[in-house]
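One chain comes next, on its own, written as structure tokens: the form predicted alone.
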Amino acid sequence: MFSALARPAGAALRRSFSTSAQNNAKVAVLGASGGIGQPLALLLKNSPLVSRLTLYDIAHTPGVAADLSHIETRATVKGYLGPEQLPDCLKGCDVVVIPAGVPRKPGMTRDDLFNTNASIVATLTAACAQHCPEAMICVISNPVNSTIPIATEVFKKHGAYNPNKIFGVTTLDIVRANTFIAELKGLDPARVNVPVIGGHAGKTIIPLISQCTPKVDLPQDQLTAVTGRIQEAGTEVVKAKAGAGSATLSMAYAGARFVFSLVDAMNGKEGVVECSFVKSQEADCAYFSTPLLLGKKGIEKNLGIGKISPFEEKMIAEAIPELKASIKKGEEFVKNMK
């Protein structure tokens, strides 16, 4: 049932379990006991691409690790608890995924999470810069539009910064866009691909429906409505859960999809493309999400925005001021850290 989990990594996931060096990714999940961390760890444990899974949190990780370790797949699992055990969790890691932080509650924006999650991301990325400076860093913790600049500035402070290895995971926006467009047009969602660019909050989420494969035609009212739904899909889940959490299961799926794509590319698979919020020169701000060609060392090539419609051009123009403000907020946070 998990065999086609990640479209770009589908072939890898269908391969029989192998012990070749190609499938020996060492992956850490920081925030592994939380609402995203647990299902994400389950999906990673299920993958033949992962040989070692290390789990870190400030509570419950030994139990989560014990539970997962009973699953009949080859990845070894170990749980680490509290700041003193974090260095051991990170040593030797190829990929670190960070879903740690507080979830959104009804009425909250992603930006409302800033004060708590900014400190968490700064602390965890500082540990990564010290103990696994060569690893790929995949940040899920919101607000991604600010936490990626935080991760960048922290890595710079430690002299370990590589712009090709720090990713803001925006994959859930693409997953939602694919699903919603497929529903509208009666298509198989596994065969729909909508690039989503910009950032990962409200109007900074810009689905490029004009670039959808297969090509779809929507009247303007439908286009406006589905774009708005993609942008506010996180709030849709927060409201539906009525205070009991935010998007955790779909985010875990999206996070796993991104990690599998990244590991596939690190293993030498060609043509692996995912959108991600990264340091960029593709728009009028320092960070921007666009389709990226992934390779053995992270970002191989930024594929840019491409040809877009006037409707999409207008959305980009409207998103830039908010993106710049969020980026500045993240950078200032690190500058002001003691």
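All values derive from a computational prediction rather than experimental measurement. Sequential numbering from 1, following the sequence displayed.
Separately, the form predicted together with a small molecule exists; it is not shown, and the next lines address it.
Contact check for Asp57, Gly101 and Leu113: all three have a heavy atom within 4.5 Å of the small molecule in the predicted bound form. Comment: the small molecule is not present in this chain, but in the predicted bound form one of Ala177, Ile148, Ile197, Val169 has a heavy atom within 4.5 Å of it, namely Val169. For the options Ser261, Gln231, Thr152, Asn117, the residue carrying a heavy atom within 4.5 angstroms of the small molecule in the predicted bound form is Asn117. None of 261 to 269, 101 to 109, 181 to 189, 207 to 215 except one has non-hydrogen atoms within 4.5 angstroms of the small molecule in the predicted bound form; the exception is 101 to 109. Interface residue remark: Val97 is not counted as part of the site for the small molecule in the predicted bound form, having no heavy atom within 4.5 Å. Remark: Gly35 counts among the residues lining the small molecule in the predicted bound form, judged by a heavy atom distance of 4.5 Å or less.
A residue is said to contact a partner when one of its heavy atoms sits within 4.5 Å of a partner heavy atom; Thr227 fails this definition for the small molecule in the predicted bound form, lying far away. The small molecule is not shown here, but in the predicted bound form it comes within 4.5 Å of a heavy atom of Ser141.
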